[in-house]
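Okay, here we've got a single chain as structure tokens, the form predicted alone, with questions on binding and movement later.
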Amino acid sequence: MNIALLGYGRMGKAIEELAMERGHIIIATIDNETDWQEKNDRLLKADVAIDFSTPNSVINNIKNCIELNLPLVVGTTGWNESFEDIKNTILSKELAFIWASNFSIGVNIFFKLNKELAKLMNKYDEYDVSIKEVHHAGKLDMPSGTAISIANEVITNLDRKNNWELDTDSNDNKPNEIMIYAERIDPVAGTHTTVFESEIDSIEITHTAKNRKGFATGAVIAAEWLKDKKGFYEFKEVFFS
């Protein structure tokens, strides 16, 4: 496939390397608005675009891909407020789009484990739940999209929680909220831990990313899966549908 990369930072370069290993061609790299204008001819030849840009640029990238009818894989987080509008546009125009807060295959298995653990803990009210996440210092959104996805999955399956809150010095831990503790430490690629804790013991499950290859692999697999499809998908549908 001819792949356009939207965002050419560390993740973009990791995806480029992995995609080429799998026999794909990187036909264009887009890192700013000037690139969109200067590389338009190359973009018209792309089969799919993969976005790992920034929260400030992802919406514009999505809109540009919609105008080009270009299938899109989005791994950038921090655009929750526009999520439903984007989804409705993709569906109404019968375009192709797949997203995830995290494209690591291991993390998506971790999501599944979190869901099942929350179901098991639903009848044990003595256990409170919290989420801890650590990323590299260049990670712009806090909490991470992955941590938010974990929290939302727990909320869906745990009756006593209906909201999440980022831990700060000023907030109080309300009984109905999941507290998310976030740190930014180089060179951590990404660590997420869900903790169920009572007065007598605690249960923790953790996913630790060793490098960016897992995210890059998932993104390229998603692009391959999206070929010849129409619709709005989540990455978990590649494995669990």
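All residue numbers refer to positions in the sequence shown, first residue = 1. Everything numeric in this text was worked out from a predicted model, so none of it was measured.
Another form, the form predicted in complex with a small molecule, is not on view; read the next lines as being about it.
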Contact assignment for the small molecule in the predicted bound form, among 128, 165, 153, 141, heavy atom within 4.5 Å: 141
Region of this chain that lies against the small molecule in the predicted bound form, out of 37-45, 24-32, 171-179, 191-199 [heavy atom, 4.5 Å]: 24-32
Contact label in the predicted bound form: residue 100 to the small molecule, heavy atom within 4.5 Å: yes
Partner proximity in the predicted bound form: residue 10 to the small molecule, non-hydrogen atom cutoff 4.5 Å: yes
Touches the small molecule in the predicted bound form: residue 114 (any heavy atom, 4.5 Å): no
Non-hydrogen atom contact residue 76 with the small molecule in the predicted bound form at 4.5 angstroms: yes
